[in-house]
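The data below hold one chain only, encoded as C-alpha cells and taken in the form predicted on its own.
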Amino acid sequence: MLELLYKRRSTRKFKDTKVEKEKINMICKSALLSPSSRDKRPWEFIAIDDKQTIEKLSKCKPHGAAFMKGAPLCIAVVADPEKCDVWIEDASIASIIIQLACESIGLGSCWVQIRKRPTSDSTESEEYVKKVLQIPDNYRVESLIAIGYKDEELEPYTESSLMFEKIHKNLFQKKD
C-alpha cells in the first residue's frame, strides 16, 4: 500500500489513448466498494469518455480544470445529501479510492474540486457540471476525476519528504 501511495501523484498530462472498458469497469467496481458512513452509500458515479463532454467539463472553473480536455476519461462523483448527512466525506473517500484504483492499474488521475468553486462568469461550478451532465437538482457534485494514461512521470514521494512532525502521540503537541 505504501508503494502505491508513494507513486500516486496528480497527473495533468495524458496520452491520447482510450481507457479500456475492463479498466473502466474495475475503477467503477472500486468506487462502489468505497467505505460509507452507516453503509448509506449516498454516492453515484458518472463515467464520461465522450471527448466533447469532457471538453465542456474542462470549462467548469477558470483555474485547475482546463487540463481535463486532454483526459480520455472523467468520473463525476455525485451524491444525494438526503441519504446521508456526511455525503461530502463519503464522496471524498470514493474520490480517493478511484484515484488509488487508477494508480494500481497504471493510469494517472487528478481530482478537480467542484463544490464551492466558481466558473469564469462567477456562477457555481457545481451548477455548470450538473447542467452538462443532466444531474438532478437534489444531487450534489463533489469532484471530477480526470483519468488516463500518463504522458508525464512525476517523481514519487520519498520517505524523506514525509512530514513526520505532523504526527502526534496521545495528545496534540505544538512543535516550535
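The first residue of the shown sequence is 1; numbering continues from there. Small disclaimer: the values here were computed from a predicted structure and weren't measured.
Not on display, but discussed next: the form predicted together with a small molecule.
Peer 1: Whether I27, W87 and Y139 jointly form a contact site for the small molecule in the predicted bound form is the question; each needs a heavy atom within 4.5 Å.
Peer 2: No residue of the spot touches the small molecule in the predicted bound form.
Peer 1: Given that the partner is absent here, does L57 sit within 4.5 Å of the small molecule in the predicted bound form, heavy atoms only?
Peer 2: The answer is no: L57 has no heavy atom within 4.5 Å of the small molecule.
Peer 1: In the predicted bound form, does G64 come within 4.5 Å of the small molecule, counting heavy atoms only?
Peer 2: The answer is yes: G64 has a heavy atom within 4.5 Å of the small molecule.
Peer 1: I'd like to know whether L133 contacts the small molecule in the predicted bound form, with contact meaning heavy atoms within 4.5 angstroms.
Peer 2: So L133 does not count as contacting the small molecule.
Peer 1: If we define contact as a non-hydrogen atom of the residue within 4.5 angstroms of the partner, is K23 a contact of the small molecule in the predicted bound form?
Peer 2: No, no contact at 4.5 Å.
Peer 1: Where, among 31 to 39, 124 to 132, 104 to 112, 48 to 56, do residues come within 4.5 Å of the small molecule in the predicted bound form by heavy atom distance?
Peer 2: Selected range: 104 to 112.
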